[in-house]
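Next comes just one chain, in structure tokens: the form predicted on its own.
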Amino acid sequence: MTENFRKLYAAAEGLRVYRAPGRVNLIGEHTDYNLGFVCPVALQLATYVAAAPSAGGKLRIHSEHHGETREFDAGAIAGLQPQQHWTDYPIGVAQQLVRAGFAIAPANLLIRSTVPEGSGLSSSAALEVSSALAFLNGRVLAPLELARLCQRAEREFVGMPCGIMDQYISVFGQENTAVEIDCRSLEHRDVRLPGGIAFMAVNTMVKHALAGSAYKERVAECAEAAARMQVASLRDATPEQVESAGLPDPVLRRARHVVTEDGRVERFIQAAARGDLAAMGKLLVESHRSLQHDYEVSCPELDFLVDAALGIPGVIGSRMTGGGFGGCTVTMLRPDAAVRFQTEIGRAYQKQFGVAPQIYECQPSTGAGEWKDVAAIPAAR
């Protein structure tokens, strides 16, 4: 990465590299913006931002994935407007840092990511958090404030009304453990996963066009349900309240998913604590069916991957993960079934859709920070 940086910018004096991971959410989908509970893991897949001071007052940002460099006036960040471009993510973060009192110094940035875009593994949050650390360049911002600042950038500049989960787990991820996040209190606890299991994400390689608009519709439908029931958020509603409130369809089904999903998160964690793999797998499947039928954010490709996975020996459970309408499934399986799973799911998906899915091992990883071993940074995906 240092060599590429030097080729781009002719020098690499003062170069520092920052890393922020993507994530896979094991369970707790579309509950974060309803102030509920989620249970993600940070991934070894990550975004790396190399940064070094530059002359001339310019902020230059190059993306290896997009093969493009954009240049900005470092002193004019506060006045920039969104461009519906990949640079909206780092520029939105830079603008939030300016508002928080951190000047954006002239710099050259090189972005490399192993988190596949559009996969539902949170490439956006990984880019936001790694960019924030690069702009800070050693200046200190409390971890929770870092996550909240990056969430604000996505909500206010990019225009996606996301919850806190993706930025939070990118900051607070832990090796070898999942993290339960209370999206109202913004507290978390480590969730030790039992032995004898592995998780794999399978990328449909599609992202349907309605994903962004439908996400915003779901946020609005949940807000309507909460208002009709006179609760602060769906976090405060019970399944009994939802069913008896006389909510119109589809608002009823949206609320039903959220309140039952919060319950599934807690039961999943309890099952993990007692090593009940069958119960964990059953909850994953229940989550998918709720997302498929009540929340209606699945798609034929995701449903096929889940159904096909459940027919492969050694698979314990499977569900879509992320916003939906494409992206990835996450499958829980016995480690000794991993090779067979990859072969069979890949073959079945390609036969059905004519596309080879990408498959990733989901190894819980550490959260964001400065990355010292520059030579060990993997190639971009």
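In case it trips you up, residue 1 is the first one in the sequence shown, and so on. These numbers were taken from a predicted model, which means no experiment stands behind them.
What follows is about the form predicted together with a small molecule, which we do not show.
- For the chain shown alone, M165 is a contact residue for the small molecule in the predicted complex, at least one non-hydrogen atom being within 4.5 angstroms.
- The small molecule in the predicted complex comes within 4.5 Å of a heavy atom belonging to G322.
- The small molecule in the predicted complex comes within 4.5 Å of a heavy atom belonging to Y33.
- Residue contact check for Y215: one or more of its heavy atoms lie within 4.5 Å of the small molecule in the predicted complex.
- None of 22 to 30, 334 to 342, 352 to 360, 43 to 51 except one has non-hydrogen atoms within 4.5 angstroms of the small molecule in the predicted complex; the exception is 22 to 30.
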